[in-house]
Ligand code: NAD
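Okay, here we've got a single chain as structure tokens, the form predicted on its own, with questions on binding and movement later.
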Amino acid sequence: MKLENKIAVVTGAASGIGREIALRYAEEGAKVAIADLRLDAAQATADEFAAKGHAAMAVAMDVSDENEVNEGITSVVKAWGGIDILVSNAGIQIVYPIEEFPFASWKKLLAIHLDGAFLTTKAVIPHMYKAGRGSIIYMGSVHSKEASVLKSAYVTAKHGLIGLAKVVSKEGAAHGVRANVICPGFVKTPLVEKQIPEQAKELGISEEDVVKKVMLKDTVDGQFTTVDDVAEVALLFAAFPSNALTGQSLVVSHGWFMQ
């Protein structure tokens, strides 16, 4: 197994992409901390993993709250002795035209995506440096490379994660710590399902047109990216054995944005 005896923390892991990454890691032998804003949902996911014979624990974590992040990471280290992998996945989506975007909503989105990535990174890095190894993975987006209407805060946050990963990769190299960014296209999770009617209303088009003419129009096959697709890339970044793969961003999008 590719991650045998590794210890992973995945934020936003009670559902969606985070859950699938956590499960993939567990299937590859990792002990996985299910970190989520909703402790009951995190516990339900951890219990489900445990029933399958995997080592999992639930951690309550608002990634924009420094105390909760530090306490959550400390609890994982106390339980299992360290942290080898961090997946900063927790995120939300809020859409408005720029001139109507509430400043409070802007700050909320950036706090979860950017503050959350920074705070979790800051909390795990001392443990990774001590061990001389670690892999930090940020959940970016095609919007780390491109822009879409109504998504000024989201695009700004996702672009920012690439800059953070580059800095972490340079600072962490001497300690065996790598940092990379996964950039999925649209994945049909509850987060994306919520966007379809919102964008239909804002753009004055049908929900079907939002999917076909907005979300998937630039893919090669008109298909959504799957949680399995994203989990496979997360496994690649987590299991890669050297600093040869660090400071990079990999787009997983059915051809939407080709580098």
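All residue numbers refer to positions in the sequence shown, first residue = 1. None of these values were measured; they are calculated from a predicted model.
A second form of this protein, the form predicted together with nicotinamide-adenine-dinucleotide, is not displayed here; the remarks below concern that form.
- Contact with nicotinamide-adenine-dinucleotide in the model of the complex holds for none of 72, 124 and 128, as no heavy atom of theirs lies within 4.5 Å.
- Across the options 190 to 198, 25 to 33, 203 to 211, 48 to 56, residues that bring heavy atoms within 4.5 Å of nicotinamide-adenine-dinucleotide in the model of the complex belong to 190 to 198.
- In the model of the complex, residue 216 stays away from nicotinamide-adenine-dinucleotide, with no heavy atom inside 4.5 Å.
- Proximity of residue 61 to nicotinamide-adenine-dinucleotide in the model of the complex falls within the 4.5 Å heavy atom cutoff.
- Although the partner is absent here, residue 139 sits close enough that one of its heavy atoms falls within 4.5 Å of nicotinamide-adenine-dinucleotide in the model of the complex.
- For the chain shown alone, residue 89 is a contact residue for nicotinamide-adenine-dinucleotide in the model of the complex, at least one non-hydrogen atom being within 4.5 angstroms.
- Scanning 238, 9, 251, 17 against nicotinamide-adenine-dinucleotide in the model of the complex with a 4.5 Å heavy atom cut-off leaves one residue, 17.
- Residue 186 is the only one of 186, 80, 118, 101 with a heavy atom lying within 4.5 Å of nicotinamide-adenine-dinucleotide in the model of the complex.
- Contacts to nicotinamide-adenine-dinucleotide in the model of the complex (heavy atom within 4.5 Å) from stretch 38 to 55: 38 only.
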